[in-house]
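Okay, so we've got the same protein chain twice, two forms, each given alone as structure tokens, structure 1 and structure 2.
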Structure 1
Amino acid sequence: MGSNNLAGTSVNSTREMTRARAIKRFKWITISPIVVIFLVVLMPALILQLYFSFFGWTVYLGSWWDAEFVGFEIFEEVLTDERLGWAVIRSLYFSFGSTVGCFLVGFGLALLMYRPFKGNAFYYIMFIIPMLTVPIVVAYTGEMLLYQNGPINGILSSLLGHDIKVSWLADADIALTTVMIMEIWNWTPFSFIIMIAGLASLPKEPQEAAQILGAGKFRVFFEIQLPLLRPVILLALILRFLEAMAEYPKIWSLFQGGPGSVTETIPVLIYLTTWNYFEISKGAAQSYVVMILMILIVLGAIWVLRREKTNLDQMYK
């Protein structure tokens, strides 16, 4: 009897070791292409950017390898640049606003759609189409629709009964908000897909138990579904926020940072600094400062997601 137990333990141990090796091999196969691309494509670019950040060079100063070493002077200039500070504020405003808008609309649509019904495939296609539209097409279509004498003002005039002449693309007070509305339309399907997947994956047992005990739909939603969805909600918000921080095509094609500088977000400012003003070293330093900022945001997001996972695991213990 004892020998049989030992044999069974040995077989289980061998299986566990084989399984662990297979998982490790799968992880390496999955991550290897990313590591190779990083080392071959991204790493040389990052090293070159770092060189430009410490060696003052513009296209007017001859060969870039003859640039003068300036140490941290360029970083000091960038960190004390009021223009970059405002660009960060605009990017955060745009990112927070579009992220919240995308999530609220996407989550609302997901709540309407996650239970199967006849003809739901048609609505899925309609809701996902905006995300498949190229951003530059979204911008140019929006420009035609939002022209002062365009269809949007015409529709608003008909609905409200008086002439509406909103300068969506020329008014400095609403220019960034105009792009934000386009961003919400463009990326709401992203939040919709994540949230509908999260709703569909929720365990049925707690919901059925609550309904048996007499809980209504709203109570089930707020006390069971919503707490279980917290990790999914955070993931949707974080991914959408990071994407919005990098938004460039729509803002540039519509405004190029204007009117004035009210739509000059981080990507637009870096582009202007590097390719319009040809301050290559300053643009490289700005990129590094922004990269460090985004790394901190990502690390904070990972910490939040891990904490939510831990709380969820404890809930089921």
Structure 2
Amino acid sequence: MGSNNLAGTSVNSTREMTRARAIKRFKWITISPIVVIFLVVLMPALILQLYFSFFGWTVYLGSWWDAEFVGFEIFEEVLTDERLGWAVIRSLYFSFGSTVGCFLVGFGLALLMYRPFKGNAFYYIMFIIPMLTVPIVVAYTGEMLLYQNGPINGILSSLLGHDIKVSWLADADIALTTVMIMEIWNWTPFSFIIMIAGLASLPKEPQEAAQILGAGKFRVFFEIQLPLLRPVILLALILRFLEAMAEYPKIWSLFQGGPGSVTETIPVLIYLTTWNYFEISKGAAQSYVVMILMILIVLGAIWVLRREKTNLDQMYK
């Protein structure tokens, strides 16, 4: 430590110190607008949410600041509420299903397209369009295609020779799957562009080396490409999953949770509780539970992504 103290007292490090100070000031200048907006916009909302979770209030009960402290009562009610449990399960089902669907299709297309071929650009442009389509537009397009007199039933009818009238949107058994298919249609391009970028960025030499050493196409894929792609694959899966957990425009605009409650995912349930039943406190407590759940999931995701990125940084040093 002796020499370090020497360094501290040395006149020569003042420039470094002023520079370090300047960087620190710059850091605060750049972060402060974000911090300010966070503190002014989000922070009070988070506090209000906490308040409502502990003070029972619905819009029928007078001013919200007069609400009565009820301790963990609302949390207990929410946590023992089967409806929230089902909403979580439905959200997970919806997210897993659409994530896997998007990934499989997107990765498959990327594998067929990452090497240049005739028509490459045309297919690429066509395939990214669904992602550029506003989600609410996707919802209505889906409705127009799938409603009972819609073209999907029309095509099925002409293929099978008799009238088919599947109620894609009203049948409780398939409604959630229907919207999942729309989600897959909407977001396959997302997995597709990430995987195609990942495949294109893989170094060629190791693959060629493996080929020379006698590996066939499948071996090269499973032993070279796939392991090298792991970070990109995880990224594509994680981001898509998280975005699907928040999916709202399609499910809400087409189903509002129905038929029955088969499409009542987390966002829909919170919306209904808060804006349809006006049970603000219950909605807040549900939100809190979901927020903590999601934060845990996101922290896990961040941990995975950081580990992969550190790996990559070492590999491409």
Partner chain sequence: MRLNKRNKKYIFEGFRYSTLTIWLVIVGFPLFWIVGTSFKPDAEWFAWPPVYWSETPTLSNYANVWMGKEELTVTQYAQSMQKPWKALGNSTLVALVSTSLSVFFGAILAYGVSRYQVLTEARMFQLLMLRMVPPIVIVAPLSLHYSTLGLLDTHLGLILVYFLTTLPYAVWMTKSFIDEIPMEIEQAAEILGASKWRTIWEVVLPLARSGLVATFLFILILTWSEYLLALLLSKTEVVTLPVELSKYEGSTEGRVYGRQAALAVGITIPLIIIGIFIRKHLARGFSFGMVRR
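The shown structure was predicted, so the numbers you read here are calculated from the model rather than taken from an experiment. Superpose the two forms; the largest set of C-alphas matching within 1.5 Å is the rigid core. All residue numbers here follow the sequence of structure 1, with the first residue given the number 1.
Matching each structure to its source, the form predicted alone turns out to be structure 1.
After superposing the rigid core, the C-alpha of residue 132 moves by less than 2 Å between structures 1 and 2. Fitting the two forms on the rigid core leaves the C-alpha of residue 141 displaced by under 2 angstroms between structures 1 and 2. Once both forms are fitted on their rigid core, the CA atom of residue 294 lies less than 2 Å apart between structures 1 and 2.
Core superposition places the C-alpha of residue 306 4.5 Å apart between structures 1 and 2. A C-alpha shift of 8.8 Å is found for residue 26 between structures 1 and 2, based on superposition of the rigid core.
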